[in-house]
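Single chain ahead, written as structure tokens, the form predicted alone.
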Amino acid sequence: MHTEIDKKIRSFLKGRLSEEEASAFKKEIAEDDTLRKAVDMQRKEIAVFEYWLKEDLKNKLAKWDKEDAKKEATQEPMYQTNRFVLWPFLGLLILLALVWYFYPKNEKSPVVPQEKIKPKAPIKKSKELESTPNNQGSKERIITEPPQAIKNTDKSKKLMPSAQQEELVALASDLHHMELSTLDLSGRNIDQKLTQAESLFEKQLYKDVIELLQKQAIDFQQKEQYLTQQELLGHSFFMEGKYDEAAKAFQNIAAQGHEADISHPAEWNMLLSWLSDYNKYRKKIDSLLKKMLDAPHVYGPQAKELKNKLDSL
């Protein structure tokens, strides 16, 4: 059963509160850290539910299309297929009959004596040609053995083709866009030097955010300020296509050992950043996916879907 506060949070996120109620509730969120965390958690749960609902509908539509195509193929009359096979067969029989009828049967074709061909001596490689500098005389060389194929000494590593890698980058961008849509920094108690960066981030001026925040050194012991700085940097780097820098920023958050509502999103965004180069970060991706699937994790369902996607590739 949902408590009254859970119902109010859900109504707030769904936009069902009036302007006065919503404004008052925002003030409560800004003043109450526990309430803010509960709002962030429900916002992520709603986003995950909507994402999986969309994926489930997409899979069902694809399944129905396959079933319809299969039914149409099985309902095709058999006589149409037999008709296209039968006519060429009959034509071939008629042609063979005509050839047999008109071909002279008693005449013998003259036997042309073949000239005896003397066997040639096997051609040996010339050592002089092999030692010729600058490949001189390469046209006269005769290769007696086919070149051996280059063997891949490391069978455990299978590099992902560039087309599939581009597909992974597009998938990571879509999933990261969903994270940005649920990101809310309005309830955080941050100081004035981060307010400007937050304003630039809301205007999608990601380069300006990076330039501004890289000039500010914030100690990780200032938990709220450090968290906000690294989160803004991570998302801004990702949007600018600097995925390695984005992964480092999210890793800085996860390394502090925060509670699940902070560390789990950081791990998920770090995973999305690594997907930009699956061949390079494959071990890290597999290790983090295993961690997210083995233990209770906020992003467990998304991790399972991503694991199935990677296995299919």
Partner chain sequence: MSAEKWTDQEIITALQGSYKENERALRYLNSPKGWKPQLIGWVVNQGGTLEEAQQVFNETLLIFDQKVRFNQYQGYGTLNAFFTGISKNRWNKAFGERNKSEVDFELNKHDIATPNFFDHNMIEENQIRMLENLSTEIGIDCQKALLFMYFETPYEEIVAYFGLLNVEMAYKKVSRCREKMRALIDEIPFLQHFFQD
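Predicted model only: the values in this text are computed from it and were never measured. Numbering follows the first chain given and starts at 1. Under this definition, the rigid core comprises the largest set of C-alpha atoms superposing within 1.5 Å between the forms.
Here the subject shifts to the form predicted in complex with its partner chain, a form of this protein not shown in this document.
A residue is said to contact a partner when one of its heavy atoms sits within 4.5 Å of a partner heavy atom; Glu259 fails this definition for its partner chain in the model of the complex, lying far away. Mapping the unseen interface onto this chain, Lys193 falls outside it, with no heavy atom inside 4.5 Å of its partner chain in the model of the complex. Within 4.5 Å of some heavy atom of its partner chain in the model of the complex lies at least one heavy atom of Ala170. Taking the partner from elsewhere, Asp33 is found to have every heavy atom lying beyond 4.5 Å of its partner chain in the model of the complex. Just one listed stretch, out of 264 to 272, 248 to 256, 53 to 61, 284 to 292, contacts its partner chain in the model of the complex at the 4.5 Å heavy atom level, and that stretch is 53 to 61. For the stretch 31 to 50, the set of residues having any non-hydrogen atom within 4.5 angstroms of its partner chain in the model of the complex comprises Asp40, Met41, Gln42, Arg43, Lys44, Glu45, Ile46, Ala47, Val48, Phe49, Glu50, in sequence order. For Leu289, a C-alpha deviation below 2 angstroms is recorded between the shown form and the other one after rigid-core alignment. With the core held fixed between the shown form and the other one, Glu21 has its Cα displaced by at least 2 Å. For Lys248, a C-alpha deviation below 2 angstroms is recorded between the shown form and the other one after rigid-core alignment. Compared with the form shown here, the Cα atoms of Thr34 and Leu233 move at least 3 Å farther apart in the model of the complex.
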